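Before any questions on how it binds or moves, here is one chain, the form predicted on its own, in structure tokens.
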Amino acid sequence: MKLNAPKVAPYVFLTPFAVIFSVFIAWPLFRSLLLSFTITSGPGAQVFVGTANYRFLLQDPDFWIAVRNTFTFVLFSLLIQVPLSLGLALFLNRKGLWMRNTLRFAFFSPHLMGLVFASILFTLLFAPRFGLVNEGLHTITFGRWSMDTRWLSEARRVMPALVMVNLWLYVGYSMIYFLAALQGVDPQLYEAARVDGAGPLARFLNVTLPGIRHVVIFVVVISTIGGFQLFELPWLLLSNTPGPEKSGLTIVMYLYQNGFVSGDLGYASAIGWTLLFLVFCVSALQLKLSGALRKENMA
């Protein structure tokens, strides 16, 4: 039987991807879904318990602490990160700005440092008495801010500290997307708006925002997903603990503790699938509210 090469060729090229996807993504996902209905105490010790893991999860106060902390982090990160990134992009997109390319790289470069480096750096910056964060706040408040403030040892200050480090890491990253979007806005629209007598605010609201709307939605969604995956930053900053009064406990940290510290991979899988459901619901809600899922926008 003679093979038809043009018909077979696409399947030949797709086979490596299909094999890798099946082995490293599809099968682990399916396996974790099965594990979520079991209690495990090792690779060979599994007991099927149905939906017991999910029912216990919804009654576990530690899980709801992790959910509250994660949502708080995501909310405050978005409220500050997106406007700040957009503001920086608008500033650095100005023609004739001195050292524009250098400033762009300077704001983006913290993202290249990595979470481990950032954690070590900010552990020193948040240190009481000699940390630069306390020293800076002490200076600008004319001595009203205490130099003995313990950012990582006081429950009410842990979340602001995490948000600050996250902003340092990712404001420049989001700025790059906004810069690319701003450069795609037709300059003739600005000229037409000026001719019509539109001021800077009117041009921003009626020309800039509509022109970069889809990028704004994209940045908000990916930042939300990244916020829900928060783990390494608090884990390293808080010395491998959830922090004072569990103020740094996140959903992924809670998953890690149950799956790799306690050893119950079944319960950890249930946490993972619950996290997936939460991320899907929040992202879908964001897209719905932004109008990105309307039929006219999909066309």
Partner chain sequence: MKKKSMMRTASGGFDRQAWTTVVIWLTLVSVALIFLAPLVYLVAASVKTMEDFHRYSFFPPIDRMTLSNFASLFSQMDFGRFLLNSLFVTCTTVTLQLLMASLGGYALACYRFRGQQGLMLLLLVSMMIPAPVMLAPLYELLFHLRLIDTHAGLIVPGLVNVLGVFLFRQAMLNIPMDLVHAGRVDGAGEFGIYWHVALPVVRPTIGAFTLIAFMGSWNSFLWPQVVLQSNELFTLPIALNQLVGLYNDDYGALMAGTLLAVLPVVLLFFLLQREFISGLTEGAVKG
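Positions refer to the first chain, counted from 1. Think of the rigid core as the biggest set of C-alphas that the two forms share within 1.5 Å after superposition. These numbers come from a predicted model, not from an experiment.
Omitted from view is the form predicted in complex with the partner chain, to which the following refers.
Remark: R94 counts among the residues lining the partner chain in the predicted bound form, judged by a heavy atom distance of 4.5 Å or less. Proximity of W151 to the partner chain in the predicted bound form: non-hydrogen atoms within 4.5 Å are absent; the residue sits far from the partner. None of the heavy atoms of L209 is located within 4.5 Å of the partner chain in the predicted bound form. Within this chain, S290 is remote from the site of the partner chain in the predicted bound form, having no heavy atom within 4.5 Å.
The three residues V82, L137 and F204 each lack any heavy atom within 4.5 Å of the partner chain in the predicted bound form. Just one of Y190, W145, F105, F71 comes within 4.5 Å of the partner chain in the predicted bound form, counting any heavy atom, and that one is F105. Residues of 241-263 placing a heavy atom within 4.5 Å of the partner chain in the predicted bound form, in sequence order: V252, L255, Y256, F260.
A displacement of 2 angstroms or greater separates the C-alpha positions of F13 between this form and the one not shown, with the rigid core held in common. Once both forms are fitted on their rigid core, the CA atom of I140 lies 2 Å or more apart between this form and the one not shown.
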